[in-house]
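First, one chain by itself in structure tokens, the form predicted on its own.
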Amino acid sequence: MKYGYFPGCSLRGTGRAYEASLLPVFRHLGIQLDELEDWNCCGATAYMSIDETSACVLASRNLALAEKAGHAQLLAPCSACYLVLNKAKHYFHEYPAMTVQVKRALQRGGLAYSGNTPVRHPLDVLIHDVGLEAIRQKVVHPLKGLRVACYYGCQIVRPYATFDDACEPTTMDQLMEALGATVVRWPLKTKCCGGSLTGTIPEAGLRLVYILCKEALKRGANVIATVCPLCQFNLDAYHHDIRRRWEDVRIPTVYFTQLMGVAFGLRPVDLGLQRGFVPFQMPASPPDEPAVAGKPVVAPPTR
């Protein structure tokens, strides 16, 4: 299997652990990712709220580059990138006046876009292209005893529920169960983490993070798995402020690809697990399980 790959800005910055785990996990599954040459920032969701036409041109340039390179499909792991590229694709088809402006702008840059390149999310590819059975066959260290709260966030299934349910997504749940983990049933899997509010209106943003972490702990989770660089950062980085304002709700938040890598037997350091503020560790093995777990997957980061 071969896909064009749009890393986006976050996976080269605060979300480096996402890419660090995504690439080896996909290689392990025999998936080839060809990075899009000369890609540019998609504008994220903020630019869309300021100037939709310019934002659509910015995102469409990446789609035009994918078509020019002959990529039949484009993988976008970041939730914001995935949403914005899909939105640009929808706008191109749904709003004729914008289509004309996008085409003109791309022509000035020597590019053309037909609007036909599918934008795919890694969860979509793993569930519907690779398949759960093929993933199960790669598991060498089942995540037995690990209770996972799957957190999808706002953007990968809304407003375009192209591969999962908009209100009750289950693809990550199915994936975690295939890895041997226990999935915690909780009602907040698509509740907003606050996004950039943690930096602009901290009281509001931190409260949203506090609610999510507290509920995950209440449901018996010992790790939160996410698909979004901003969600991961928010849920991982502000525990000192949350403890000072309310109470300690410290819980590790990792990328779903990092848990896949652990189950596949890949080295934690190669999965970026040392980058978390709250260190992740596997729970102790049940008595009838081999003692491969029970030790920290990664030592607490030094700071």
Partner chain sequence: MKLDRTIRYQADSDRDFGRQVMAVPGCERLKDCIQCGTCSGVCPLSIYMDHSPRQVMALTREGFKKEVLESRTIWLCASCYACSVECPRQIRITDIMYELKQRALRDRVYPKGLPTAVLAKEFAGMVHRNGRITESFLVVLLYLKTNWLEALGQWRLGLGLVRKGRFPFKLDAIRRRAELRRMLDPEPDDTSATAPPTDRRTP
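Residue numbers count along the first chain shown, from 1. In this text the structure is predicted, and so the values were computed from the model without any measurement.
The following text describes the form predicted in complex with its partner chain, which does not appear among the structures shown.
- Interface residue remark: F264 is not counted as part of the site for its partner chain in the model of the complex, having no heavy atom within 4.5 Å.
- Remark: G43 counts among the residues lining its partner chain in the model of the complex, judged by a heavy atom distance of 4.5 Å or less.
- Using a 4.5 angstroms threshold between heavy atoms, E133 stays clear of its partner chain in the model of the complex.
- Contact annotation for L217: none of its heavy atoms lies within 4.5 Å of its partner chain in the model of the complex.
- Only one of 115-123, 69-77, 141-149, 225-233 lies within 4.5 Å of its partner chain in the model of the complex by heavy atoms, and it is 225-233.
- If you take 36-65 and check each residue for a heavy atom within 4.5 Å of its partner chain in the model of the complex, you get E37, D38, W39, N40, C41, G43, A44, T45, A46, Y47, M48, S49, I50, D51, E52, S54, V57, L58, R61, L65, in sequence order.
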